[in-house]
Every structure is written in structure tokens, then in C-alpha cells.
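As a starting point, one isolated chain is supplied in C-alpha cells, in the form predicted alone.
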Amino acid sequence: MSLTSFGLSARLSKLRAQSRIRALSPIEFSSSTQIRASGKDYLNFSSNDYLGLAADSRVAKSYIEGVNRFGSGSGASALVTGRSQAHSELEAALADHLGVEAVLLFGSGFLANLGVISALADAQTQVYSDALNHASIIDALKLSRAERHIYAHKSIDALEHQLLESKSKGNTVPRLIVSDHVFSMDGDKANVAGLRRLADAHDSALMIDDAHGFALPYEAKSSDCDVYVATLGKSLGLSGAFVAGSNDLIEFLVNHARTAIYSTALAPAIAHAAIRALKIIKERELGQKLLANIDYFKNQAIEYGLDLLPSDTAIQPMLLGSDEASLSAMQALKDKGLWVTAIRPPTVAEGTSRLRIVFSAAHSESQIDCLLAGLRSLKNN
């Protein structure tokens, strides 16, 4: 049987008609502030490299040191021969930074969420998940076969109602509350302290995915959750991810998290470089510069009358509504040398297509002024 029966051409045609086709853009050069594509340079306002460390010479030097010392790859899963001294040292550094007992590295944030949720939850588990949680959490819940309860975005009241309803039925199964901390498309933050209170009141465990908050000034408190997940690919400017928590949690995952057990371990050179990146972050200078850039943009945006979603993080979305409007705005900004990605369904809900504007500590005020001028021209047109 060929792929003809899957109707790929018809399904792709439908996406094109809806202005929802995606395509990969070959990038010749990229940093937190610059992109070169097809021979043209753009100011980059789409990267998750929040502190500019992906192009930091100090991190790059440590990466090269790691390659020279450990080689370019790990060669096996961590339980075979893939775990190096660099992995152990990074896990210890991350545990110290967060104030937790232990940490386990994963190849990506997607793999970390798949691994921890599918290990902890099964058909006898209830999982309560925010409606706007990341795709990796959604897919992990499907894989786990857990009883899923989706509560309204950031609604403590809606979540409490669901927990009380379950308790009223006499359910005594394990319960896991799962939420992003910083939501990647809206830029808003969950009430982690409120989630912790509910978890304690209803004998539930709390898992927080802090991919877009880790090592930033608005990092979630690891003490507020039982399972803390974050990536190395955003604030640290590298790749990979980790799960943090108690010794028992990490030992359990070492034995049950299939995405760690059956995956080649993170390259040790990345782990070596991540240790250096973590030391740089502790100096706090980059985090304060990021906050200053966010404040500068928001204050100017208010003066310009730009319509932004409420967010005090590096993610500052501009809601445009239709897919066509967001694509048109993205192209208009590209024509002005600005790279700002349009986000459309199914990544976001129907009717909420947007420009996802993202800031880095590496941006200058003059670069932000260029963006503001481009956004203002969209409003005037």
C-alpha cells in the first residue's frame, strides 16, 4: 500500500487554502538579535534565546573545550555508556541553583515532559492540566492513558471545582496537577503558589514546566512544586532539558522514564557549556537587561497605542485574529528587515492568530525602536 490512501495532497491543499501551511526557512546565520536568510539580514524578534547566550563567546569557548575533552557526542544512552562527568557536574549545578535534591537530564523539553508524565501517570491516575499547556504535555497525557481533566486557562477556581468534584465521588487515585509557568504563546504566567495550595489541600502532586522562565528573573520557585521541568535551550542558549525534584523522583525516572532510558544521552560538550552558562546567569546582569528591554518596549508600545496581550515576560504577543492578517503583518515586517513570526492555529486557538514578539537581553534600545516603528506602520495601515 502506498501513501496515496492517506490523502496527503488533499490535506496539504486544505492547509494552503486556510493560510496554515508551514514551511522550513533555511537560515544562513542566526543569533538572538540577527538573522540572515536568502542573503538578507533581519533584526530577530522571534528567538527564545532570552539572555543572548547562544552566541556568547564564553559559552562557545566552553562548548569547544567540552568537544576537545569529551568528543562531539555521548555515543549511547546514559544507562549504557553515555553518561559523562560533564552530565554529573551539570546535574549537580542545576540542583544547587534550584535548591532541589536531584536532577536528571533529557535530550529535549519535549522528551522530558513525555518521559516524566508517562512514567508517573497511568490509567489509574487523574491528571489536571491547564488548557493552554504546551503540546509536549498534551501528547504526554495521551501517552500516559491517564484520566485527563482540562481546566480553564489559569483558573484556580475551575481547577478547584474539578478537584472537589473528584473528591465528592470518593476517588482516592493519585492526582497530578500540571501547568506551564510561562505560557509560550501568550507570555502570561501561572499562579504557581495558588496551584501549590490546591495541590496540598487535595492531596495532589504539582508539576511545573518552567521552560520559558528557568534562570530568568521570573523563574518559578522549585519549592512550590514536586516536579520541576525546564530546558537548556532557551535561557542557557544551548539544547537539552532536565527534570528536578527529590532523590526518589529522579531515581524513579532513571528506572521508568523511557525517553531517557532509550535515547542517546545529551552531548557532554553541551553539558560542559551549560555549566558555564549557568555561572554567567548567576551574575544577574543579563536578567536585569532583559527586564529593562521588556519595560522599554511595553512603555513605548503604550504610547504608540499598540494592542498587545497582557504579559510581563519576554514574550509579547500582538493579537491579529485571522491567519491572513498575521501572515500579511509578518511579511510587511520582513520587508522592513524585521523577523517576527506569525503564529496560527492549531498552535493557538481559532481566531487568535498573532505576531509572537520575543525579546532578549542582547537587544539594544535602537533595535527595539526599529521594531516599534515597524509595528506602528502596521497599525497605521
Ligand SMILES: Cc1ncc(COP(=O)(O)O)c(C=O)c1O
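All values reported here derive from a predicted model rather than from experimental measurement. Residue numbers here begin at 1 and follow the sequence given.
Another form exists, predicted together with this ligand; not displayed. Remarks below refer to it.
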property: Touches this ligand in the model of the complex: residue 231 (any heavy atom, 4.5 Å); result: yes
property: 4.5 Å heavy atom contact, residue 218 and this ligand in the model of the complex; result: no
property: Residue 130: touches this ligand in the model of the complex, heavy atom cutoff 4.5 angstroms; result: no
property: Close approach of residue 136 to this ligand in the model of the complex, 4.5 Å, heavy atom; result: yes
property: Every residue of 108, 184 and 240 near this ligand in the model of the complex, heavy atom within 4.5 Å; result: yes
property: Position in contact with this ligand when the complex is considered in the model of the complex, options 227, 267, 211, 260, heavy atoms within 4.5 Å; result: 211
property: Segment that reaches this ligand in the model of the complex - one of 232-240, 93-101, 277-285, 295-303, heavy atoms within 4.5 Å; result: 232-240
